[in-house]
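One chain comes next, on its own, written as structure tokens: the form predicted alone.
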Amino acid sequence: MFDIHQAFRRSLQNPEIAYPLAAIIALTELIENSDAGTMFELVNAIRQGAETLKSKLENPIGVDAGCELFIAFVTLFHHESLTLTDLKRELIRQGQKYAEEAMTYRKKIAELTVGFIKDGSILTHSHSRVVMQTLLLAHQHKRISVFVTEARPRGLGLKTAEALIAAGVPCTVVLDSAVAYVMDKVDFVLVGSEAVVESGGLVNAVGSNQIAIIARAAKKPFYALAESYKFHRLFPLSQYDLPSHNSKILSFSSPSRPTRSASISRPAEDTTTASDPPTASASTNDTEPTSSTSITQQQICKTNPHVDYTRPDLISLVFSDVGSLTPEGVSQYLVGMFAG
């Protein structure tokens, strides 16, 4: 029996394949293995396969974009096939052809974006394959330096920084909390995307929204790079409209009862001197209640969002394989794309 999730995971073994494209490849394989006898049954099987993929992920936004694009392609596909077998064969051929072409999209975006880049400093956020390809290409033709945010909770900015430094690009890592501090040193912001939504807004690694707000206040351009298979007919009005939002995000933990401790050790880095006023950490009173609760980075990661939404009015341009678009242009392109 065909396992669409296994096919999806198999595609992701190629590090160059993004979630939306892996979903398209998996749905193409589903058609290849489908025993549907009518077009209605085939479309229904594809929709069920898409729901299965989305149900397996905490953040289904990228997969949803790919599935939505593929379903629109199947339902709007103009064909002259006499039989369903011929139609399925043509859908498979077109799906495979699209997947092959989509692998060239990052190169197109990089070449387009480099034309807008001048010598100077760039701020980027987290890790994006299309941003990496663009920065490496820019390094070959321009004199650039890059500030990379740490991008907690996953810390993927470190991956970006290591790759840039290895390629000889002047690069330094910036704390997420220091974005406003560094903004005056950069010429523009360049980020990738999980999805570009119907309003022209951006869904990307959490922290992108606050970077865009700071960039707007500092009058610095904020550019997003996105392959067209990440264009998504989603219209969030706030962070809480994203499909990735759930009740666990930013939830409050149950308060724990304080415990009594016989002694409280001073932290190794404490530099308190005898002239400093006494503090709780320096107290030897063993009757003071203290909390035994400890908070780990893993717990913080579980209760915080991994993506956020950036409003279209904060975005200067979206660079894609279909051209450089304003947020309004993205909206128009999506309407045309899904209108057939």
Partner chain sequence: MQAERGQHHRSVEVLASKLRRRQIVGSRTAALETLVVLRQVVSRARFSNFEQLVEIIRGVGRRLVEAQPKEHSVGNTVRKVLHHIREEYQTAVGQTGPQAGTSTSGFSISKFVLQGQPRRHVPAQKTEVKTTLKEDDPEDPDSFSKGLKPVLMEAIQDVLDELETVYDNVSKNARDHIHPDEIILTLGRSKTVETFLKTAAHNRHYTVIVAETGPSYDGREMAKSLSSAGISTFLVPDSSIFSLMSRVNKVILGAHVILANGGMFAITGSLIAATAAKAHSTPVVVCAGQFKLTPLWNLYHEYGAVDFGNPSDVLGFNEGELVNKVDVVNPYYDYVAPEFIDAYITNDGDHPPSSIYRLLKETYDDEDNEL
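Residue numbers count along the first chain shown, from 1. Computed from a predicted model, the values in this text were never measured in an experiment.
Omitted from view is the form predicted together with its partner chain, to which the following refers.
Student: Does at least one non-hydrogen atom of Pro153 fall within 4.5 angstroms of its partner chain in the predicted bound form?
Tutor: The answer is no: Pro153 has no heavy atom within 4.5 Å of its partner chain.
Student: Ser228: heavy atom within 4.5 Å of its partner chain in the predicted bound form?
Tutor: Ser228: contacts its partner chain in the predicted bound form.
Student: Quick check on Glu101: any heavy atom within 4.5 Å of its partner chain in the predicted bound form?
Tutor: Although its partner chain is absent here, Glu101 would touch it in the predicted bound form, with heavy atoms inside 4.5 Å.
Student: Residue-level contact is defined here as any heavy atom of the residue lying within 4.5 Å of its partner chain in the predicted bound form; does Ser324 satisfy this criterion?
Tutor: Within the cut-off, so yes.
Student: Mind telling me which stretch in 157 to 165, 235 to 243, 177 to 185, 113 to 121 gets its heavy atoms within 4.5 Å of its partner chain in the predicted bound form?
Tutor: Going through the listed ranges, the match is 113 to 121.
Student: Can you tell me which bits of 18 to 35 touch its partner chain in the predicted bound form, meaning any heavy atom within 4.5 Å?
Tutor: Going through 18 to 35 in order - heavy atoms within 4.5 Å of its partner chain in the predicted bound form - there are no hits.
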